[in-house]
Ligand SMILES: Cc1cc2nc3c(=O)[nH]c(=O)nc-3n(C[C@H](O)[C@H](O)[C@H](O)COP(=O)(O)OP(=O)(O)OC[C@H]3O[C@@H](n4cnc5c(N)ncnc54)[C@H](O)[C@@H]3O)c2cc1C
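Next up is one chain by itself, shown in C-alpha cells, the form predicted alone.
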Amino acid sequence: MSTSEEHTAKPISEAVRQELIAIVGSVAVLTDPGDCWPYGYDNSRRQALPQAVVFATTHEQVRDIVALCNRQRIPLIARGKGTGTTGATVPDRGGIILALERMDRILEIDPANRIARVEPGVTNQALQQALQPHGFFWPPDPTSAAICTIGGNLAYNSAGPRAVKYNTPRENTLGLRAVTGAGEEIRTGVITTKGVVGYDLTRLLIGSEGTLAIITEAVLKLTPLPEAKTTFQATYRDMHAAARAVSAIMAQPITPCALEFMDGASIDMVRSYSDLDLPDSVGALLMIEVDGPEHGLAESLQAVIEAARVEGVIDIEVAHSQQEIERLWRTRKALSPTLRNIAPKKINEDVVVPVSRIPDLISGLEQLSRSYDIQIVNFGHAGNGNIHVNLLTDPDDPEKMARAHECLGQTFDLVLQLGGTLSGEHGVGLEKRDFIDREIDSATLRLMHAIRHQFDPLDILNPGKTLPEMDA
C-alpha cells in the first residue's frame, strides 16, 4: 500500500476560505500546503494533502462548518491527534480536515452520578488525571492514551487492555451531542445508567469513524478506582499452553483487569534486541493484573494464579513493588520499538477470535508465515481474543509486499473461519475497507449504506471510508 494518496482536488475557493474564517477566525484556518501536510496523515503511514485545515473550538462552529461543506459538497474529515492505524483520517479524496484537538474542555465531572461530560479533543490521559482526585476513572485505556483523544476513542471504539474486565467505549458512554452530515444537531442517549426510549444511536455513532456525524460532546460513565491492584507474569512452554491458561482464567469467577500475551516470535525478537531475562525454554508469556477491594485481593489473586497454572507453565512471578511491576512490563513495552528496528514496515492488524480459538489462530498464522516467507509476530489482549497480528515486510520490495498482502488476505479468511472479526479496536478506515464484505453479507451492507445516507445524504463526512462500495 502506498504511504501517500493522490487526488486531483483543487484548492478551496476564496469565497469558501472567507466563510471558514468568518466561522472560526483567520488564525484557525490553514490553506498553505506546507501548513496542511502535517494534518493529512495518521499512524497507518498513509498521507494525503487536505485542501484546508480548520480548528473548531465550539459545537456551533462544528455545526456551521458542516453546513458550509454540505452546501458546497466538500468532503469533511474530523481528526483528533492522528494516532489511528487504518487511514480513517487521511483525506484521500481531498477536502477539509476538521481538527478537533482544541475542543479540549472537561465540561463537567459529577461524582454523585458517576458521569463526566467532555469535548472530543480531551486526551484520554488528561481525563484520567482529572478524574483521579474524585476517585474515578474512565475504563478505555488505549496504548496511546497519553496523546489520543476521547473523540478518537469513540470514533474507533478503542478500548485497550482493561476491556477484558471493564468493556469498551460503547459500554462506558451514556450519551452524545453531534452534528450529522446534513448539518443537523442531534443528542443521543441519556445521562442515567438506564434508558430505553428510542433507538440506541449512541452505540451506532461510536465506532462509525466520523462517517455518520461529528461528535462534539460525550457523557461518559465513570467507574470507581479500585482500592488495590497486583501484577504477575506467567511464562509457558508454548502458545498452546498459554492459551489453555487464558481459557482457564476466563472460566473462573475472578476477571482480571488486564490479560496480555506475547507469542514465541515476539519473545525471541525482544530477546534479540534487549537484555530480556527469560530462559530460552519460554515460548509464550502472559501479563496479568488483578484489581479490586484491598480486602480479599490476595484470595482473588490466588484464584487467578491457580487457573494460570496449567500443564506447560514454566514460571509465575508476582510483583511486590512498583519497581518489580515496571520490570515485568518491560518485556511487553520493549516489543514495539523492537518491531521498528527489525523491519521497515509492519502491517499491524487487530483481529479478534473466540478465546478458545486462540491456539488455532496462532497455529494457522505460523503456517501462513512459513508458506509466504513472511515473519509474523503476535501479541495483544488475550482475555477477549483481540490479537495484534504484525506482518513484517519491506515497502521497497514489491515482491515481498505482494506476498505480505496475499498473506494478509489469508489471515483475514482464517480469522473468519474461526468465528472471529477483522477488527477489535483499530477500526476499518481504508486499510480494511475492501475486506469488510468477507465478514458482512450484502443485505446487511446495503442496510448500513442506507443508514449512512440517512445521516449524510451528500456523502461529505469522511467519504470512502469504513464501508466498501456497493454495486448499483
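Small disclaimer: the values here were computed from a predicted structure and weren't measured. Note that residue numbering begins at 1 and tracks the sequence as displayed.
This next part talks about the form predicted in complex with the ligand, which is not shown.
Proximity of I358 to the ligand in the predicted bound form: non-hydrogen atoms within 4.5 Å are absent; the residue sits far from the partner. At the 4.5 Å threshold, heavy atoms of P142 reach the ligand in the predicted bound form. The ligand in the predicted bound form comes within 4.5 Å of a heavy atom belonging to R79. The closest heavy atom approach of E209 to the ligand in the predicted bound form falls within 4.5 Å.
Heavy atoms within 4.5 Å of the ligand in the predicted bound form are found in one stretch of 372-380, 391-399, 180-188, 153-161, which is 153-161.
Only one of L259, M262, A213, A116 comes within 4.5 Å of the ligand in the predicted bound form through a heavy atom, and that residue is A213. When you look in the predicted bound form, the only residue of V270, C148, L286, A243 with a non-hydrogen atom within 4.5 Å of the ligand is C148. With contact defined as any non-hydrogen atom lying within 4.5 angstroms of the ligand in the predicted bound form, the contacting residues in 80-101 are G80, K81, G82, T83, G84, T85, A88, T89, L100, given in sequence order.
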